[in-house]
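Below you'll find only one chain, the form predicted alone, shown as structure tokens.
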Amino acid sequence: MSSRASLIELATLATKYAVKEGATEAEAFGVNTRGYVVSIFAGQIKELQSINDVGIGIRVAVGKRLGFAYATGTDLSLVKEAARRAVKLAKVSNEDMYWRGLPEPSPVYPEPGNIYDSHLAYMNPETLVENAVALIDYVSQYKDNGVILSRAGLGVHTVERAITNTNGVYRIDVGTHAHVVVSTIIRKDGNVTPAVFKFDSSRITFPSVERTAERAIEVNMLCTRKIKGLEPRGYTVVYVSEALAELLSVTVLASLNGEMVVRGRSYYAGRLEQKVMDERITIVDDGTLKGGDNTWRFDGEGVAMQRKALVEKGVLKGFVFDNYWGQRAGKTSTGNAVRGGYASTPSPGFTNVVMLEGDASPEELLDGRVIVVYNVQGAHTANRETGEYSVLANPAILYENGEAKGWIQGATLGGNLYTELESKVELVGRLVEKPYPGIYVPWIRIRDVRVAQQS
């Protein structure tokens, strides 16, 4: 740092500066991120990047007028100027009639496990490069099969967070995080398979690059034989964790966000304690999950993280709120104020989303004639208010009695995820996977999904 003040001391000074400038309330959120990232392109190391990003975001209220500014770095003069700028912006802003103040400190804060490891905190860049080389070497063993490591990224970070406000919040936290992202294709005999992405991460160990690559290659191998002439109609579809997570994120999770409820844009608004999904589905948001990607002691406003049920055995139990939108809904924060970093203000979001396991084995999921969808493209076009979606399944594999028959190139899927999760679920898998950061879901089998094959 460029000053001798710690991150929490800088945050405290920032709130004092803001009050001196005329703020009636002030909050300062500091983040210091240090680490390294290695990028791989076309089977070669492209870049080793050092990450060293620190700054303070300052949110203030002058009555019911709000302002926000941030300072990059830790120079005291820059922090003071950001506080002055935040107050100046607040004074010229329109009043927010719904503003009821910053949160108070939580009575108790959790002590989650497995969020910091000293070995990751002090991992040197040479070790990260060694892992990258090991990944390249592992994939090269499959070159005779046409396997290509198209892209990959490896990273390790230490993140320090600090927050203070004029209502008495004063919290610090530190955590580590390591991740591996791998994308492979097979190019052979004039044919090219879809790119398959696989992800793994940990807060306390470096993920296995070999296992991550192996998982991607396994799916690539399923695409070397093609299925043509698929009749367009309703099919039984198995969504693997990546595909399910993509669709959930833009529909179900959007409707479980408290801001969307208050704005009247949630499919689930007004349906608390009603059955909205199959009874085998339970979804929780758990900011205290041991080793979770997004586990911390406090959220982006200094409110204690917690575990909360959103859907329990198919029954809607709640929504996620930050302090502002919780107050607007007549409720309290659920510890779900999420920020993109020190340069952004908080809003309701998710920590670690977990769909609990079902009881179906892989053999049961693949029984009969089913289409297994490993990933989807175009999920962002789904209608979050109605649940309707139309996506490209890439790849989708036809299975018959557990045996892969081939890749359905150009398969498109259409349906309504809300109604499918409520009345068309056949099986929920017993293995929960983490396809993306902070989301943990099993495979799920759904009947009568519209599937067509583009010519």
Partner chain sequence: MAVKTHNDIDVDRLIKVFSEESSRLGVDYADLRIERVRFNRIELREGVLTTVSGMDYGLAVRVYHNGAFGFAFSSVLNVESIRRALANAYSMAKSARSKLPKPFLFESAESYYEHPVHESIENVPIDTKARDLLELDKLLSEKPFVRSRTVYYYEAVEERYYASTEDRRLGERRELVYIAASVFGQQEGVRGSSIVTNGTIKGYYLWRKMSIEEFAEKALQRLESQLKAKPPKSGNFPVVLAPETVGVFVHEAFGHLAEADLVAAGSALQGKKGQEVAAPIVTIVDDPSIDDGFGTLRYDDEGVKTAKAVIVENGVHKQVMTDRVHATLLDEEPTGNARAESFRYPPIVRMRNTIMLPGDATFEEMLEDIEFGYYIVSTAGGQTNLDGSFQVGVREAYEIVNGELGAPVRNLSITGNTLETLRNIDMVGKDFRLFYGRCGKGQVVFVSDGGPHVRVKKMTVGGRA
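Residue numbers count along the first chain shown, from 1. Predicted, not measured: the structure shown is a model, and the values here were computed from it.
Absent from the display: the form predicted together with the partner chain. The rest refers to it.
Contact with the partner chain in the predicted complex, defined as any heavy atom within 4.5 Å, is confined among 359-367, 150-158, 174-182, 271-279 to 150-158.
Contact between Ser140 and the partner chain in the predicted complex is not found at the 4.5 Å heavy atom cutoff. In the predicted complex, none of the heavy atoms of Gly291 sits within 4.5 Å of a heavy atom of the partner chain. The partner chain in the predicted complex comes within 4.5 Å of no heavy atom belonging to Gly234.
Residue contact check for Glu104: none of its heavy atoms lie within 4.5 Å of the partner chain in the predicted complex.
Using a 4.5 Å heavy atom cutoff, Asp53, Arg187 and Trp325 all lie near the partner chain in the predicted complex. Among Val372, Val376, Leu316, Val169, the residue placing a heavy atom within 4.5 Å of the partner chain in the predicted complex is Val376. Residue Ala195 is the only one of Leu222, Ala195, Ala304, Ala309 with a heavy atom lying within 4.5 Å of the partner chain in the predicted complex.
The partner is not shown here, but in the predicted complex the stretch 90-120 reaches within 4.5 angstroms of the partner chain through a heavy atom at Val92, Ser93, Asn94, Asp96, Tyr98.
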